[in-house]
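Taking the form predicted alone, here's one chain by itself in structure tokens.
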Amino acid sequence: MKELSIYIHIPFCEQKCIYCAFVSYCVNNEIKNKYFQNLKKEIQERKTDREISSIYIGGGTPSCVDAKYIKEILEEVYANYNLKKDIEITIECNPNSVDEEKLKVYKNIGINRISFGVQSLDNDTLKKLGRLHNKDQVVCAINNAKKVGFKNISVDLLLGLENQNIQDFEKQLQELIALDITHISAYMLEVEEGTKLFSMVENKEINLPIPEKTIEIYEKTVNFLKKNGFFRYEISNFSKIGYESKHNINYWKCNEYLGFGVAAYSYFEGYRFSNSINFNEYENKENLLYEKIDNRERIEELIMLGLRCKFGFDFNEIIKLGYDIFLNDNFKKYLDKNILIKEGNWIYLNPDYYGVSNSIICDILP
């Protein structure tokens, strides 16, 4: 039986970042208390006998709430689900909202992986992004995590920021690597409608680099990280050997997952469903999305997610679902040019073309 993961959404933040399009809110303690009561109830009601391989607590900013809430939620999971012995349990944290004591609580309740939202080590850039931490707090948070016993520490960084250049970015990478982290996620900054960043770009309050410049920084970042022992296993994700994110891999392999909380998505037993983004609707189980995944959607997901990472996709599985991909002229062309690589039953994207993967993937979809 395939892997099953759990995602738990904590939709609270101290302050909304200018680029953030995630479902997150700045609310009072009364709303938080009520939310966590509903979250525990949902976890109880949807229990399954399937074994759980990973738990990911994301947001929002999970670390901005009292650690007692995280403890209560995990205890509810422990009481209702079967967990693998080597389960990976991740929590997202902002450097300014954790101290040594909070990290101790996380460690003691079974969390074994920390993902810090660093984004940049440049204080001026952090301020402009709406981040509440600075470089010193990043260093302190990572050192505190190591001090209390965390060995699996990831950081998120953004590419494509205003005035970003490869020299400064490599210096930041080197400083983070020196802190003995094990995983780096380097995401391209996306300007999404409805965010403050979108308005700032429209009004020319901020000038982002052209895409070609960002791709150049990305490609040099890949080489720099490889030289320093961090290997790319997905377009934006790099790790030391053995420290790949189990949770993300489960998603990229199109395995099943259960999502709990406001706006959380699930994929389970052939169906995709999600909760409302509204607190009251979530409490009352209103406006749920519930749909059967048809073969075409399954094919598209297997191709898109498989080619974003080193795992690729099994073309026999695609054919069984009703799409003979070898009849696609673009697919044959990409194979001939070594843009796509065939090894046995598996198709991989040549890593040299990760920077333009979207257009390649679109060309070979049914």
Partner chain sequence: MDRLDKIRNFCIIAHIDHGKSTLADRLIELAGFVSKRNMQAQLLDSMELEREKGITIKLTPTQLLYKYNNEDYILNLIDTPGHVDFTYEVSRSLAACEGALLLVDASQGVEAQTLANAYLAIDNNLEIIPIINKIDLPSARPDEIKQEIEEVIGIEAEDAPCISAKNGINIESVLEAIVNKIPAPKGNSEEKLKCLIFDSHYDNFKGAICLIRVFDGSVKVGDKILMMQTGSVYEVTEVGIFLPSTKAVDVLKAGDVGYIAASIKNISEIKVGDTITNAEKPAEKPLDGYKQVQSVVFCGIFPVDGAKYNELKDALEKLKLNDASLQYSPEVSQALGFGFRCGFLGLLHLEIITERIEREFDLDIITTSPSVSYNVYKTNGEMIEVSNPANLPPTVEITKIEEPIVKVSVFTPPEYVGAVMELCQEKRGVYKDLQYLDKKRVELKYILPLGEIIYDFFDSLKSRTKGYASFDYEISGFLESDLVKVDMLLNGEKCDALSLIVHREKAYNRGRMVAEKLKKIIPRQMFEVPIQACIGNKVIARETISAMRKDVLAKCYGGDISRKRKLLEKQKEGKKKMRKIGSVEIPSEAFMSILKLDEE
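Numbering follows the first chain given and starts at 1. In this text the structure is predicted, and so the values were computed from the model without any measurement.
From this point on, the text means the form predicted together with its partner chain, which you will not see here.
Discussion item. Taking a heavy atom within 4.5 Å as contact, would all three of 198, 224 and 311 count as contacting its partner chain in the predicted complex?
Written reply: Checked in the predicted complex: no contact with its partner chain for any of the three.
Fill in: Partner-proximal stretch of 79-87, 291-299, 104-112, 147-155 relative to its partner chain in the predicted complex, 4.5 angstroms, heavy atom
One stretch meets the cut-off, namely 291-299.
Worksheet item: Does residue 279 reach its partner chain in the predicted complex, with heavy atoms at most 4.5 Å apart?
Response: Residue 279 lies outside the contact set for its partner chain.
Item to complete: Give a yes or no for residue 285: in the predicted complex, does one of its heavy atoms lie within 4.5 Å of a heavy atom belonging to its partner chain?
Response: Residue 285: no, not in contact with its partner chain in the predicted complex.
Worksheet item: Does any heavy atom of residue 321 come within 4.5 Å of a heavy atom of its partner chain in the predicted complex?
Response: Contact with its partner chain, no.
Worksheet item: Is there any non-hydrogen atom of residue 334 lying within 4.5 Å of its partner chain in the predicted complex?
Response: Residue 334: contacts its partner chain in the predicted complex.
Discussion item. If the cut-off is 4.5 angstroms on heavy atoms, which of these, 257, 260, 243, 169, is the one near its partner chain in the predicted complex?
Written reply: Exactly one residue meets the criterion: 257.
Item to complete: Name the residue from 340, 39, 304, 64 that puts a heavy atom within 4.5 Å of its partner chain in the predicted complex.
Response: Checking each option against its partner chain in the predicted complex, the one that comes within 4.5 Å is 304.
Worksheet item: Within 191-228, which residues come within 4.5 Å of its partner chain in the predicted complex, counting heavy atoms only?
Response: The stretch touches the partner through 192, 211, 212, 215, 218, 219.
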